[in-house]
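Given next, in C-alpha cells, is a single chain: the form predicted on its own.
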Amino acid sequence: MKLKGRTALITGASNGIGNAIARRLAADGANIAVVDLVNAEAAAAELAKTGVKTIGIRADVSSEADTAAAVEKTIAALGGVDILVNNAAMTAPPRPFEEIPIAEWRRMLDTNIIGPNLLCRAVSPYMRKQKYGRIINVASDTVHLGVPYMLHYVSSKGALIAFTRALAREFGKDGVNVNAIAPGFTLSERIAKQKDRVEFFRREQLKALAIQRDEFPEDLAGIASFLASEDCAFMTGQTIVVDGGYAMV
C-alpha cells in the first residue's frame, strides 16, 4: 500500500491503459479520480470495490473549463491531488501526411498536448503549495521510431516528451516530479477491435520486438506505480519506453 493516503487523477481512465493504471494505483492504496468522456462514473464505482475512495468525472481534456472543474471536483471529493496521469489521447487512421485534414491536426494537438498542459496548469497551485506531486505523461514509442503515416499523432507525442522535460525543470524546486511513459502498440479493448491493424502489427512488426508477444495495458501499470511513488523521488524529466524492446533508447 505504498500510495495509501495519496490521490491520483487519471485521464482516459475508464478503459485501456488508463484503467489498468487506475486499478494498479488503487491496489497500491491511492484514491482515484477517473476522468473521461465516457463511463467515468461506472469505472469509478468498479474501482471503489477495492476499498479506496473514488470519483468519476466526465470531462473533455481539451477544455480549460472542464479540466479546471475536474481538479476542483477531485479536491472537494478526495481531499487533494498528489498524482496526475495524463493518459487521455486521440488517435486517427494512418494516412499520408498530405491527406491529413488541418482540422484533424488541431483536434489531435488540442487533446494530446494542450490537454496535458491544461491539467498541469490546474493542479499546479495545489502541488506547489504542498511541495509534492507526481505527474506522469503517457507518450508513445512512435516518437523514437519515426513511424510514418501518423504524422500528427507522432508529432503530438513528441511534443509531450519535450513538454515533460521542460516542465520537470520548472517544477523541480517545488518537489513535483514529471516523467513520461512511452508505450508500444498496446492491445487495449479499442485497439483489439481494429482487426486489420492488429494483424498488420503481428505480421510485420512483432518479430522486431525483443520480447515477442502482444503488449497489454497491464504492462504499463507497474512502471506507472513506480513513477507515482517515493521510489522515483530523485527521478524527473525522463521518458521510459515500455514496448518489449522495439525501440531501445
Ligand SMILES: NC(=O)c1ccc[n+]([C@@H]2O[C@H](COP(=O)([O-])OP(=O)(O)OC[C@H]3O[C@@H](n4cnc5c(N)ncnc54)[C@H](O)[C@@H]3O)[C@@H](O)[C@H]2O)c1
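All residue numbers are counted from 1 along the displayed sequence. Source: prediction; values computed, not measured.
Keep in mind the form predicted together with the ligand is missing from the figure; the text below concerns it.
- Put simply, Leu47 is far from the ligand in the predicted complex: not one heavy atom of it is within 4.5 Å.
- In the predicted complex, none of the heavy atoms of Leu25 sits within 4.5 Å of a heavy atom of the ligand.
- In the predicted complex, the ligand lies within 4.5 Å of some heavy atom of Val61.
- Among residues of the shown chain, Arg190 is one whose heavy atoms approach the ligand to within 4.5 Å in the predicted complex.
- Of the candidate stretches 165-173, 88-96, 75-83, 124-132, only 88-96 contains residues with a heavy atom within 4.5 Å of the ligand in the predicted complex.
- With respect to the ligand in the predicted complex, the three residues Asn15, Leu37 and Pro183 uniformly fall within 4.5 angstroms at the level of their nearest heavy atom.
- Along 127-141, a non-hydrogen atom within 4.5 Å of the ligand in the predicted complex is carried by Val138, Ala139, Ser140, in order along the sequence.
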